[in-house]
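Only one chain is shown below, in structure tokens, and it's the form predicted alone.
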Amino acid sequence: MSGRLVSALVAVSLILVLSVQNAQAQLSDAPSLTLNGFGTLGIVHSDEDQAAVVSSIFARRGAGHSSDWSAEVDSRLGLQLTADLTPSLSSVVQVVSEQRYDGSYRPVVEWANVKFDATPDISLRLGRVVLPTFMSSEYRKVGYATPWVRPPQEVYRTIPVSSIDGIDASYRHRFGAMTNTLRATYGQTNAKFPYVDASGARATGEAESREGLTLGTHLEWRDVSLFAAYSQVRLTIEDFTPLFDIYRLYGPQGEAIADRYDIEDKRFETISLGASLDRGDWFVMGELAQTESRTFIADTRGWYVTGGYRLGSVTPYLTYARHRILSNTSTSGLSLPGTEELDAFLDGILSSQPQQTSVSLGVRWDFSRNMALKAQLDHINHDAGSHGFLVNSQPGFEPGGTVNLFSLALDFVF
């Protein structure tokens, strides 16, 4: 779906919202218009001064090298306008302001779609819709709706994109005390991200995702919730094409290296599973995500388990998470004479793939209606030779070490 079409959908959604607002002023029984919002005011401290901690690959700055305390890691603000036009037709526009690839906080349209309920259990949405890859996808940016300061990076960083331009269909089926929701999403999206090029300079890349298909199921039964999803997309990052074009000049062996690692219309697949048990006074939940692609983006597996106990308005919680690489991350055996510098750069990319284990201890205090204060300690242990999810590493950075974080966040909804 083109940017022009997305812009048109945003305009249509806003027109529908304004039309409802005008109608409400004239008719007491007119369709409803709702304005909601959410946000996080957070600050993070890192004891690693040779690299930075960020919450997303789309963020440029964080806590660590440039500033050991940072309010840019978790802070965001979101607004959502919902227009219920008829019993079966509605429109929503959600705008989020958070740190972007260029360091700005320019608001971005997260959702902009029109929803049609064909029946009480079958719905279709067209426009910019949520990408339902994970158990908390619908509210992954709404800190108030989750127990943590931020979703475990070992899982949620595997698919950092949270929305897609296309169509979404869902079907809900009830049988006894169980409710199962089947969902299918198809579309495309572009996303810009910061990176360091071969010369060591900061640059901005763009990832193009096409033919993105996600199929998911969510089963709810009393205190139990089960989730599963499969996603595939055709991924292209043209910023790295010149590197592999040079390899192709070296004949069949160079072609083999380029074909193995380039990202040009390559299939990227993800399988994700999740489960939760919430008994009211205590809860336990966990997710697993596994990715596969024949590119320099390694095949990975990440998972976490979180448990917490509610003591009135205070909820302490503990999370254990792991992220590891499943595929080869070296050009060893494929190198060619005369490509040593290229090999070193490519090996640097491959070896920087995150492998880490983390233990997080936190507490949430719901001190007021629609507001929660959270404090979280993270101890992150990087595997030998790995940077983990750190960015902007300096010459003095030593891979394979540990990082300790302290995060404080105020989450709110309105």
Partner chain sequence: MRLTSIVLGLFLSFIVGTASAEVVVVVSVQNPIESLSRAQLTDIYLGRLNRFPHGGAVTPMDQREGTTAHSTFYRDYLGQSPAQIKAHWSKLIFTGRGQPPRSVAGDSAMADTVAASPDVIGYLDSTYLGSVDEGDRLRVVAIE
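Numbering follows the first chain given and starts at 1. Treat the numbers as computed from the prediction; the structure is a model and nothing was measured.
What comes next is about the form predicted together with its partner chain, which does not appear here.
Worksheet item: in the predicted complex, does residue 183 have a heavy atom within 4.5 Å of its partner chain?
Response: Yes, residue 183 sits close enough to its partner chain in the predicted complex that at least one of its heavy atoms falls within 4.5 Å.
Practice prompt. Consider residue 118 of the chain shown here, and say whether it contacts its partner chain in the predicted complex, taking contact as heavy atoms within 4.5 Å.
Written response: The answer is no: residue 118 has no heavy atom within 4.5 Å of its partner chain.
Worksheet item: in the predicted complex, does residue 125 have a heavy atom within 4.5 Å of its partner chain?
Response: Yes, residue 125 lies within 4.5 Å of its partner chain in the predicted complex.
Item to complete: Considering only heavy atoms, tell me if residue 265 and its partner chain come within 4.5 Å of each other in the predicted complex.
Response: No - in the predicted complex, heavy atoms of residue 265 and its partner chain never come within 4.5 Å of each other.
Practice prompt. Using heavy atoms only and a 4.5 Å cut-off, determine which of 244, 296, 144, 134 is in contact with its partner chain in the predicted complex.
Written response: Checked against the cut-off, the match is 144.
Item to complete: Heavy atom within 4.5 Å of its partner chain in the predicted complex: which of 217, 179, 327, 236 fits that? Just give me the one.
Response: Exactly one residue meets the criterion: 179.
Worksheet entry | Answer range among 49-57, 354-362, 378-386, 35-43 for contact with its partner chain, defined in the predicted complex as heavy atoms within 4.5 Å | Selected stretch: 35-43.
Discussion item. Check for me whether its partner chain, as it appears in the predicted complex, comes within 4.5 angstroms of all of 174, 366 and 369 - heavy atoms only.
Written reply: So, yes: the whole triplet contacts its partner chain.
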